[in-house]
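This document opens with one chain alone, in structure tokens, the form predicted alone.
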Amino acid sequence: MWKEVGDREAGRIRPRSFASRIRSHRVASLQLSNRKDIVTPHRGAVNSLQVDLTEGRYLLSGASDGSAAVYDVQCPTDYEGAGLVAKHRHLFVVDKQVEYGHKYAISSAIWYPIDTGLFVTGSFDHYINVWDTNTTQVVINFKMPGKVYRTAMSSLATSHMLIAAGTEDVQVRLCDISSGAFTHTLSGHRDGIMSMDWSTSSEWVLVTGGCDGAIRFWDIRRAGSFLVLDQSQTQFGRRPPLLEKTFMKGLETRALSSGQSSANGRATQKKTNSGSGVKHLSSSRYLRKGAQRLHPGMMSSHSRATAHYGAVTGLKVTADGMYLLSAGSDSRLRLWDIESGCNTLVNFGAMRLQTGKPIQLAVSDDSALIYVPCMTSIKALEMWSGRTSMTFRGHYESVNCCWFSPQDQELYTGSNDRQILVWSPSVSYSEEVDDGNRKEQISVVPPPPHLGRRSVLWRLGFFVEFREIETCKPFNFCLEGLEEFRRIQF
């Protein structure tokens, strides 16, 4: 790390590149945090997690006991273990005791993307509730035709306030917060909708995954899905860059121009032989235009295309809006090119995924790693190689959801064991110090903000903490076997 800092000070690294390297180092060092603990009030499985998109400070969770809670993940409520472990207790919780609260399990809990004044929960009691954060009361609710599996709101929307809801019903329903009514429904799936996500490049595009194994793309301004993904349509790896595509088009243009004379000769021969040649060419051109105007989702061959051999249990669009990740009950994870609609054939291998309920996927801010709940563990997979970079183990039961916070580079996971675990970058930052011909590792552990000035003695990760001598009681500690300690005043 300190090498990058020196290069940045010398001007050898650009600011964006420096920030990207620091984030990559932090993401690569994720581990179960021993300095941050979230105390959950839930008495059931944690099914949904999300950190607000405006401040990146408040974590929202929904559980199978019908309760939802909000935590401040930046300011702890108290400390334990001599001030080393920060406890984050819920700021408030809403459950069955609240008026119009959910009676059954909450399957989805999301923040209103504009600010933290509202949040939305969907439940198996067939209701979607919109809550006021300040009063912790329901301001609007929507009655759905079946169990609510997933809700989603667009983070880019500026002209609508729509909640997309996936339920047991075959139709996707759009709920308008401003009017408190349904705007319209999207029909095309042949079974319930278990997963969905909005595009990160357009506020009008919605992606849904159904229990029929189909993944459909919708433009909510028009009827019918405009794209249905087919696992048999493939391309190898990522899409070619723009310059390469332009170069290939140039080669094709040159090839066409070289054979233009012979083509013109054959065309004139057809025209002289029969007068119907011109009509035939115009009709074929009309058919091609007509085929382009048709919706692939309305065509019978595309309508029955499947992306997974089973229910689509998880969807996640990358931050750049170019690729889509999908997880299915066939224990497969697939990466799709949104522009071409093709399966990129990245081999993530067979994984043990939950099949009876939706799972929540997460992607790092640079879209390099994918976080997938795999039963009791979470796997961090490299997006383009498919290799397992890290495996996080800490839960005792199946993991249902995970959320990556790009602001703090932290991963939050919820499980059937009713716990929310925090996976944070390593607290200690290491630098190599030349001491003659010997190098030693120095670890600096920053103190909690409420402890004031402290002194830290350390060597090779071992440290002894104490307050200033004039403010603390006398104490004794043994330093046998340790040498070359240094002292830092914070």
Partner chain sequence: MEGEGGEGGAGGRKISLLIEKATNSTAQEVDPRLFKAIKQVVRSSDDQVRFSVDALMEKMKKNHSQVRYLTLLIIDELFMRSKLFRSLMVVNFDQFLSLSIGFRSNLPLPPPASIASRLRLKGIEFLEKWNDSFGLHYRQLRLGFDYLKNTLKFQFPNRMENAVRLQRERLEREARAKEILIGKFQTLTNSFPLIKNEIESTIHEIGECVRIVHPEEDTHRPASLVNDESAEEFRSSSLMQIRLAALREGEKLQENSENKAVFDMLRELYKLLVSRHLPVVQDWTSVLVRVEPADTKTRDSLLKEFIDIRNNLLSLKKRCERLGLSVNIFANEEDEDIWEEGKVEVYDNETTGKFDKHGGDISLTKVEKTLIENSESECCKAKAPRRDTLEHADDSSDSIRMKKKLLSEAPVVSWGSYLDNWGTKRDALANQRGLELESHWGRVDHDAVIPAEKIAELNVQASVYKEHLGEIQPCLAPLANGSLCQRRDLKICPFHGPIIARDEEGNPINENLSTGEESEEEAISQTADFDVDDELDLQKVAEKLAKQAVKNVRTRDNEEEKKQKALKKAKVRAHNEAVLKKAAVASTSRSEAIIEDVEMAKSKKTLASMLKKKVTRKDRIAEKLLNSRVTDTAIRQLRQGEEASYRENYPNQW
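Numbering follows the first chain given and starts at 1. As the structure is a computational prediction, the values presented were derived from the model and not from experiment.
The following text describes the form predicted together with its partner chain, which does not appear among the structures shown.
Q: Among Ala45, Leu49, Leu421, Val70, which has any heavy atom within 4.5 Å of its partner chain in the model of the complex?
A: Checked against the cut-off, the match is Leu421.
Q: Which residue, Asp132, Glu80, Glu339, Asp115, has a heavy atom that falls within 4.5 Å of its partner chain in the model of the complex?
A: Comparing distances to its partner chain in the model of the complex, the residue within 4.5 Å is Glu80.
Q: So which of 386-394, 340-348, 100-108, 147-155 is the stretch with heavy atoms within 4.5 Å of its partner chain in the model of the complex?
A: Careful reading of the contacts points to 386-394.
Q: Using heavy atoms and a 4.5 Å limit, would one call Ser64 a contact residue for its partner chain in the model of the complex?
A: So Ser64 does not count as contacting its partner chain.
Q: Residue-level question: is Leu32 within 4.5 Å of its partner chain in the model of the complex, judged on heavy atoms?
A: Taking the distances in the model of the complex, the answer for Leu32 is yes, it comes within 4.5 Å of its partner chain.
Q: Is Thr376 close enough to its partner chain in the model of the complex to count, meaning some heavy atom within 4.5 Å?
A: Yes, Thr376 sits close enough to its partner chain in the model of the complex that at least one of its heavy atoms falls within 4.5 Å.
Q: Indicate whether its partner chain has at least one heavy atom within 4.5 Å of a heavy atom of Asp417 in the model of the complex.
A: Asp417: contacts its partner chain in the model of the complex.
Q: Listed by sequence position, which residues of 85-100 have a non-hydrogen atom within 4.5 angstroms of its partner chain in the model of the complex?
A: The stretch 85-100, when checked against its partner chain in the model of the complex, contributes only Val85 at the 4.5 Å heavy-atom cut-off.
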